[in-house]
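Coming up are structure 1 and structure 2: the same protein chain in two forms, each one given alone as structure tokens.
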Structure 1
Amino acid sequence: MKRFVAVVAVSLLALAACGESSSPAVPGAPSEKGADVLAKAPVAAAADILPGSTMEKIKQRGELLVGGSLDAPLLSQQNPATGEVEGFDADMGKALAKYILGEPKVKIVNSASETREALLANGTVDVVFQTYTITEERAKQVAFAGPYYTSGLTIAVKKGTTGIAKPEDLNGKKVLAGANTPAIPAIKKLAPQAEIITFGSDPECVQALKQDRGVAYVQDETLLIADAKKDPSIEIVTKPFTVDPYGIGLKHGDDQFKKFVNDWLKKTQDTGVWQEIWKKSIGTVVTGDAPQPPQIGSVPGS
């Protein structure tokens, strides 16, 4: 029994050590820097919080309810050490909360891609920041402010794989994709003969790729860059071949709130807050300066 206890204790210690030395690809605990960025984030003038509006309701409540993820590296991931949700989407949500409330007080409701529309419609969340690609179909159900970020799908393979250089090369092959990601319709369109195999999370897809359950993995470039940095046995073989404009999901028909959020987005971009949020999240794996933010309202559906 004593020996058993010792073994358990040692393995727990080892686990704890793993947690601390978090991989450099995923930002560890940039909370101090994060506070800096949010300190600079703009706050709305009192006159902008129109009486009877959604903004006023949020202000009275004292916190912004954000639909988001807790497991998306670089975008919206909960740091197990601090409990803080970190990443590009998470910080944008906090910046919006600061704009309305004067302080970055958010409650992130872990929403799955299949429930986002319902959560917005029934008022469980005020906004959704969750790599929510603006599409015309979705715009019939929800309102989109933004786009606030543009990404694209790309292809990762096991290092040394040949014969895959463009999406059309996936025809007739087994292709991995995250369940409920835009990768599925994109593969169907560009390589209709591909056999699509889906898993719930990004780490599962990477594991499946390494176990040869598919020859290629189609996913958002940002995530794949983070994966490839962590795991040198996989490589990215093409530039992004789609354009996914991410929007801020809002309740359908709330034009007042949509205009308010768009105004906020414009201000964060003009003051450089958007760029700094990018730098401390996605910018930790993508080299170079922050990209030009997409034109607000430039996408059908936004």
Structure 2
Amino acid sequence: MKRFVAVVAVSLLALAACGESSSPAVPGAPSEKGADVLAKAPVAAAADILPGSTMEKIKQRGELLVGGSLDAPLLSQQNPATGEVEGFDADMGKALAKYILGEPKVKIVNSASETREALLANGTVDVVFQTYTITEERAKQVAFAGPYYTSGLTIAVKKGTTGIAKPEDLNGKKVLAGANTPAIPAIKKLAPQAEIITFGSDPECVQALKQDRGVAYVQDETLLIADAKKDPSIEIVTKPFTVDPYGIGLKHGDDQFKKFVNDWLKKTQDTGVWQEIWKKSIGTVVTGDAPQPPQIGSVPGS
């Protein structure tokens, strides 16, 4: 059995990856192991890059602008030694860039969960790969391709903490969560007497937990598994209690680009590239084979 439910995926990871603060864009060159996978990634036919389309604009620019994270373990984290951004979301963005450009050339704009919609609307980014949970409310502001991954929220505490074994146990306690993420309504629904304290990034939430600024941290299981592996002073105390489908954020109303991205996603799944990207990121800490990818267009808002 896998330690987390990976299909049915950063914030509780999503439901949105505890949100990141905005910063200058950084190149997202593939690492050596990522390059092996991306060499197998498909490339769109010239006829698929329609005149006047978003795809043509990206191709003419020569790089894909991706809204994402720089500090989300296993998903999109900047390697301090190389400066490259690595992980499942990061490599999915590079694979989409290769499909459009013929090479995985991306620029990752470190995006906050509070600003993703604006970044898409004003054209600062072309797409968002950031544990961006698809909801009908969000779909009023952005378009979602996918879902491309499914995960769920769980709860982490400092090792040795007792009395928390299910979401309802958070009532009356200080609980940490990412700003402007679905973790917040989930906590309010299941533990309405909890006091929610928000921070802008996963590292900030983990630090606050270790400093006893809250007794529990609600986040996507994928991130918490990575956090707990890196820092043995925290532990996960529940199984996932939500099912959160992650979508690829696109500018609202661009149906042509949405179809193009969904077609690309289907090809990455059919060719095994999606599965290889999972194995080289999330699969390094989760045992077993890659999960079955979620069905494209299968959730409201997608």
Partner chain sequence: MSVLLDHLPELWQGLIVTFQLTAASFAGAAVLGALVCALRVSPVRVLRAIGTAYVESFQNLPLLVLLVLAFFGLPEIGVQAEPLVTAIVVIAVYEAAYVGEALRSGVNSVSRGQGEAARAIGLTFSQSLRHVVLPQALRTVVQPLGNIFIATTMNTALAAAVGVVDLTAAANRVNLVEAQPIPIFVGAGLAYALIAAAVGFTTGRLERKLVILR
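It should be emphasised that the depicted structure is a prediction, and the values quoted were computed from it without experimental measurement. Every residue number counts along structure 1's sequence, beginning with 1. The term rigid core refers to the most C-alpha atoms you can superpose between the two forms while keeping them within 1.5 Å.
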Requested in this report: Could you point me to the form predicted alone, 1 or 2?
Outcome: 2
Query raised in the report: Between the rigid parts turning between structure 1 and structure 2, which of Lys280, Ile225, Met92, Ser151 is at the hinge point?
Result: Ser151
Query - Smaller rigid part, angle turned between structure 1 and structure 2 (C-alpha superposition) in ° - result: 11
Query raised in the report: Aligning on the rigid core, what is the distance the CA of Thr181 moves between structure 1 and structure 2, in angstrom?
Result: 2.9
Requested in this report: Could you tell me how many Å the Cα atom of Thr162 shifts between structure 1 and structure 2 when the rigid core is held superposed?
Outcome: 4.2
